[in-house]
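Heads up, what comes next is one protein chain in two forms, each shown on its own as structure tokens, labelled structure 1 and structure 2.
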Structure 1
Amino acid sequence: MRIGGTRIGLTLLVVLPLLISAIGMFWSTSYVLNGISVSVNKQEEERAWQAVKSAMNAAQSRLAGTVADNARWDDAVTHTYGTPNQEWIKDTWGDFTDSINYNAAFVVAPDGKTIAAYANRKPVDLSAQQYLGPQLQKILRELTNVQSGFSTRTTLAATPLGFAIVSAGPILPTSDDVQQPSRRANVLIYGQTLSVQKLREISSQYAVDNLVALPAAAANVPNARVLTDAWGNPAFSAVWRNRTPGDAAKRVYKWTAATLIAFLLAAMLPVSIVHFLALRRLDQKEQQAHRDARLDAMSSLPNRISLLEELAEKLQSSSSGELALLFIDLDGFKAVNDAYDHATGDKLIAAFAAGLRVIADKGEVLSRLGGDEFAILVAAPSAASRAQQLAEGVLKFVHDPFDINGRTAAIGASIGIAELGSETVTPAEIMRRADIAMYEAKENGRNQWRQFDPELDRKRSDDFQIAREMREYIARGEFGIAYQPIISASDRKIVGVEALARWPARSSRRLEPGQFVPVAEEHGLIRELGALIFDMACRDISTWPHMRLSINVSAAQLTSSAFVQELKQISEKHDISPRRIEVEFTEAVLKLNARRTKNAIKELHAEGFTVALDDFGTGHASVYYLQDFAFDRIKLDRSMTRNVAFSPETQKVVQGTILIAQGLSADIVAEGIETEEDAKIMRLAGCHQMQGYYFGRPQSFETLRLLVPARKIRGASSA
């Protein structure tokens, strides 16, 4: 018994420590894994909740902007007060209730009476009171007082059409031309129903799985979170399927943990070390996964998610003047991708990111937002001044072309700067302001920086209004068109006309092409506008069988692969030979997308159209384009015409251009002819055709029709 008892004691002495260690290891492993799993799952749940709130806030901001564009409008006052113009309300608001911005629209009198109600492009027998319930009276109390000025109120609501985002604004004039309501204002209300499709889009955009909206009373549903209206009352609940990255990690590791425990029974110390290292690796992987989710792989910079988190944190701790955000967009990056390949573009992104690291200080947050967009967050005293220094540094950095494996990549940078003022703003708002300032820099010539100014918001609102009017005018075919004669240099006969778009005369606005064409390009209307002007011009010249028609092309029009076929279809519609149509490209268009432009010129030639290089002499690489692109005609810029009489250098350029054109079998057109002396000099220099105020300003079709039968222009006797 003693021997047996000793053996049992020794066995227990050996086994018990191992058994206790194994049990302790199993418990500690489970405890650590459960803790990590719960922590990661909670972080993911909180991230999803913040994403849902951000999505709702962003949607409310967009809808409020749409209401502001439509409610603060002279025409809206004219047609909704007194006896409401129901037809106008239908055409302007009702017919657009199936847009991505809103699917319900109400015009409400100050006393709450519904003037008009539409949903999904149809009038509905549903009052605003029935649609919003008690929220309507709150909105009317806030907005109908004319003396309070213009403001909007946006809220979440449970409506008979479903859970929705609703925004309202008083219908007030924007100019002194229309009398302001004397007492209380009518109110325009837009509603965007959170349909299944809309919630799917939010789910996809904000990485929230299976987002569903339920009644506010469903708050006891697992994972449901209550969203409140503008006055803090429950509106409805949001429910989604929580991702559980912690559980996934736990499942992956449980077999590894079991194996480690088995090894512990054989070798206590080595297994303890391995276990410690394994847990450390697991923690490192979690941290790495967290970093990867906030890191842009191509540039190795923080991504948009990381920047928003940093921005939210800095906004809580910074005061006025201590925070600024730079929004950087690379000019010409797409052209580099098109000219070379995406691998070269990726290396250019990495090279630019490396340059930002050198330019920025240690405490400044760098980020790649996606594509060719970057950001720098500055949180320090005098942040705006530091942001301007950084902007100048970026512009200096991109001044010289990059050498990417022997390939030259020339880019610029358009930079917007927004700083934190005294008001409270959200991360999304300060990013929006920096983005607006960046687009202002881009629209004013690129490769420069601009500071955000509230005036930019007003300009953006004006641009949206211009785009809305333009869309209506294009749909009704009401745009104006002017023609400028093109004259043969030898006999002063009219050989063609250049068609120029003009803002409709019936509009209360007076806009030049330089004002409305950029708006058309930015808002995706340039293709429709160009097609309308070409169609109108073809209709007009169809009665002149020997007349040539010149049209200008925007770079945005070339993005459509069907561009050439659209021209062909319109010319065939009016029975006009493509040989009578000349398509004019500026050097700016060529530089934006050289490959696409070259392909378009080949397609145009294949269909029988002629091609001209417009404004030659205004750029720095025009001679290259003469050699690389097959132009049928070259139009000398008016600056060369004005200077040729007293500038030997300009004379040499003109003579050299004519010699090159002769070698390329291209005709020369002199633009900007304003005197008889200009005409004589350019004819003697070898120009084949001329164009300018001396022969005729851009004029209506009716005026030009009086000149065409004679075919000759003044000054012919001196030719």
Structure 2
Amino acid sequence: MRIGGTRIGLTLLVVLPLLISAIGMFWSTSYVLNGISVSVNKQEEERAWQAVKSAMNAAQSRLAGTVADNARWDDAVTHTYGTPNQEWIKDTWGDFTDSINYNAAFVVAPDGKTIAAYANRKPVDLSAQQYLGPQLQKILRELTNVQSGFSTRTTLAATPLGFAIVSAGPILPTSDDVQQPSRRANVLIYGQTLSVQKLREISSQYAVDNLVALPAAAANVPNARVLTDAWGNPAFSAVWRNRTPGDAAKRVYKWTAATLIAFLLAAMLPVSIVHFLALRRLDQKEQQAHRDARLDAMSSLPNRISLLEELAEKLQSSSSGELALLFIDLDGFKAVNDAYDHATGDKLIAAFAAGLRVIADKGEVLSRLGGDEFAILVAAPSAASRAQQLAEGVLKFVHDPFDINGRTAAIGASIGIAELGSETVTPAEIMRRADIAMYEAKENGRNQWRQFDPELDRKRSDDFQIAREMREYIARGEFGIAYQPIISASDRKIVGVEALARWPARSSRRLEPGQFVPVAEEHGLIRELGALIFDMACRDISTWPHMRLSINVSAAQLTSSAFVQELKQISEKHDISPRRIEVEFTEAVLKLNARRTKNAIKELHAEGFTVALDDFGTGHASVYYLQDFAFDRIKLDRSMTRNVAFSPETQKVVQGTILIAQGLSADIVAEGIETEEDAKIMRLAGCHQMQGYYFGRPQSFETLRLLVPARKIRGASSA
């Protein structure tokens, strides 16, 4: 879905700008063209209007000239005043009323009475008053006063004969031969009707198309322009068909512009395509990066980020009991990495991931969280039981050693399971619970699965409390310490003491080393605790000449490269020879980091310390350790002492161990001697030294020193 969306987005990203610029160019070009076209059309309309007015003016001045020629004439005076000579009027003016210049002629007395009226060569029963209406009085007022001299008045008029150009002049003599008979003059009026023919002539002459005259009242006809008479009143309207040169130009240029824009877009297209391809490549890379960011390369499994996303998604759609998360941590992976090389370790990770793929069903989400940690997310009804099934499957899968290019890698798996309960939890919380359960599996001896329960949380917060308290005691150098004597089997003389850490007595609680030592290991306090105990023990033992001191050391202490130097410094500080110090560590230490332990033993020997293998016989440790690591002493675990009397198996192990130890010239110490019988059996079996409640419980240094004034301890005396 995301991919499709991005494609569409990308396409839009490229197509949209093109589309927008195309539309923009078209729009702006049209806008400009329209503007030009409208303005050109307006100019043309204005020109036509001016032409119509010019045509009217020209016709009026022509008619005015004709009137002037006929009215200012001695003969006209002679024949129109007094009793008008109708004959003369007809011959002179009436018969010419079809001429090109005028088609109506009137002779009017100063009082407005029509003396003669002709139209189209015929006398008409039409008075000048009827012809001109109110305009007649205005003309007479202007022209009849003889004193004013000669002038003409031309106007436009709407007459019963049609819209017309009208011109009038007073009939006055030109010479002194004829006397003007009265003070008020008769008036000659010519009218020229704007016939269709006449208008057509004007149209062609003045380049105004389809010129038509309409009543002034028709001024609301589109494009109608009102023509006024001589006194500024509307006479009639002129209407013509406007030429639209702008439109024509627009049509032409529109196509030119369209072609140009098309060319421009065509030129831009390759650029856009290149742009599109570049963007698409970038997008593909981005998607690849997104996938890569969620994939673990070594195992080809989704990584932690991916798991968190899946978890968040599935948590939303799951209800109580429908989701479970497994955390798997490989036991002994580090040892494989150390024993061989990292390439082998990498292949082991890949092989384990391949196994997970076979074990898990489709729809169960696998993930590598990093290092040797994996996860399986189950979203199904009764997810917890399916998760347990998967855990069993994983344990079975890792049971047999892996064969990596001919190298044998034996690992185990500690698995934590967290189930979705009825309360809402965050992905981080589910992961935390699975992690805690996994740690619990590890602490309980590894190679097993544990399901989270709130009790683990309580234990964890308890552990935090213990760690906090312990940190304070260590800082103040206030820790308890007890010493347990180690006895020579042959003469039962005390040959050494083992220093055992004790929870400070002033604390409100009582904790066994079995409780606080693991906490110290887990919370990073074991090195400081070890150093403190060693320092205190050295101080005590420095007052006891020649006495050997055994101290216990955890795996985490060995991983520090400064460990041996630290021991050396402390023993030097108390002026104790390293030969009097014995370092004990368990099989678990060897198993965790064999190579490091081997090096540490070498370093310890180089400085003069001796080394003992503690609790031998509890784990699966084999004789292999005895040969491979140069131990000075082997301490048989007290479980062997307890069983040796009645278990032939144990007897065999004890005897075998003693034989090998003799071969390696290592001493054997029997732990957990509680009775005289235990002591006898172990001495007969060949143990060199013994330790146990029978000879002395762990006790304070002072008590121990008081108890052994003779440096001899009998079982009865200490019991």
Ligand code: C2E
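For the two forms, the rigid core is made up of the largest set of C-alpha atoms that agree within 1.5 Å on superposition. Residue numbering: structure 1 sequence, from 1. The shown structure was predicted, so the numbers you read here are calculated from the model rather than taken from an experiment.
In this comparison the chain labelled structure 1 is the form predicted on its own, and the other chain is not. Residue displacement note: Y439 has its CA displaced by under 2 Å between the two structures (rigid core superposed). Superposed on the core, the two forms differ at D91: its CA moves 2 Å or more between the two structures.
With the core held fixed, the Cα of Y81 is displaced between the two structures by 2 Å or more.
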